[in-house]
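Just the one chain here, laid out as structure tokens, in the form predicted alone.
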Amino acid sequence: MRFALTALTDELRRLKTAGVKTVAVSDASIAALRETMASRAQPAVGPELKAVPPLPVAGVKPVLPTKPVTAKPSPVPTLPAPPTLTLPDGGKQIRWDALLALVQNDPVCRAHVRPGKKVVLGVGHLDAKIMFVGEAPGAEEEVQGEPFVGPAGQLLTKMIQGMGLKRSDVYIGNIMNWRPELPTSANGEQYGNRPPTEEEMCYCLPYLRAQIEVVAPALLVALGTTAAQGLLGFGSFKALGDIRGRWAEFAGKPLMVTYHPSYILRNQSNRSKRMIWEDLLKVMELGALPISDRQRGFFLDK
């Protein structure tokens, strides 16, 4: 529980840094939290010792123990050292297929994927000029085994189309190959997401580097604070606004940092959309993509 609360606190700090002032919580999430707290509040009763309520005494209220019983916190799991990957010689498709087999059979990745869910690797054109990098799969992604297929992914697809490209023209990946875990409800479903830890991203980074090596894009685009931290290093910046829109470097490739598409889902103003679009215009310029006057004017206040 302490691990989950820490993860939730980190996520709220991340949203606050990004300028989010309110957070919507679904009824299902509230119900799951109440269920978890209620189950933890029940006293532990052994098979031969039953909890017996105090006997009533006339004129006297029973005094209940006031000292809370605290459960021993579950230790945060420690991951092994990141894997060393060796891909076979051959064309891009042969090497990518080998990489997919490696990640799908990685015992650590498999151990962190719940039953019925999938390990996720990137998708797209293996000769793409532009590679988008997010932080981790979400609920829809771990079901389909493909990054950015939920609401944020649908918005990313529209952003790519605004650049004059198709989703199939670019490559889209995540640093993480599994959805970072949170406690589940009684039916085994996880509600909500948490940002991956530094240790989790360090373990998965070799798989991202291998994808970059196979695809060999001309440039990278980091989507959101957590992805930028994973690529540039934790503590390398205080707020995303300090580095977004500026070129950095990862794996020898130019790296543009911008907001995650989910930022636009929460902030529908033209100002928010324009900030991301200005970053994408810089990507288009460095990628030698044609830019029309109409594209340059997207989301400008009239």
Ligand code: URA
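Nothing here was measured: the structure is a model prediction, and the numbers come from that model. Numbering starts at 1 and runs along the sequence shown.
Below, we refer to the form predicted together with the ligand, which is not included among the displayed structures.
Proximity of E141 to the ligand in the predicted complex: non-hydrogen atoms within 4.5 Å are present.
The ligand in the predicted complex comes within 4.5 Å of a heavy atom belonging to A136. Contact check for W178: no non-hydrogen atom falls within 4.5 Å of the ligand in the predicted complex. Contact check for P195: no non-hydrogen atom falls within 4.5 Å of the ligand in the predicted complex. Contact with the ligand in the predicted complex, judged by any heavy atom within 4.5 Å, is made by just one of P217, G124, P147, G230: P147. Only one of 99 to 107, 184 to 192, 127 to 135, 200 to 208 places residue heavy atoms within 4.5 angstroms of the ligand in the predicted complex, namely 127 to 135. Residues of 251 to 270 that come within 4.5 Å of the ligand in the predicted complex, judged by any heavy atom, reduce to H260 alone.
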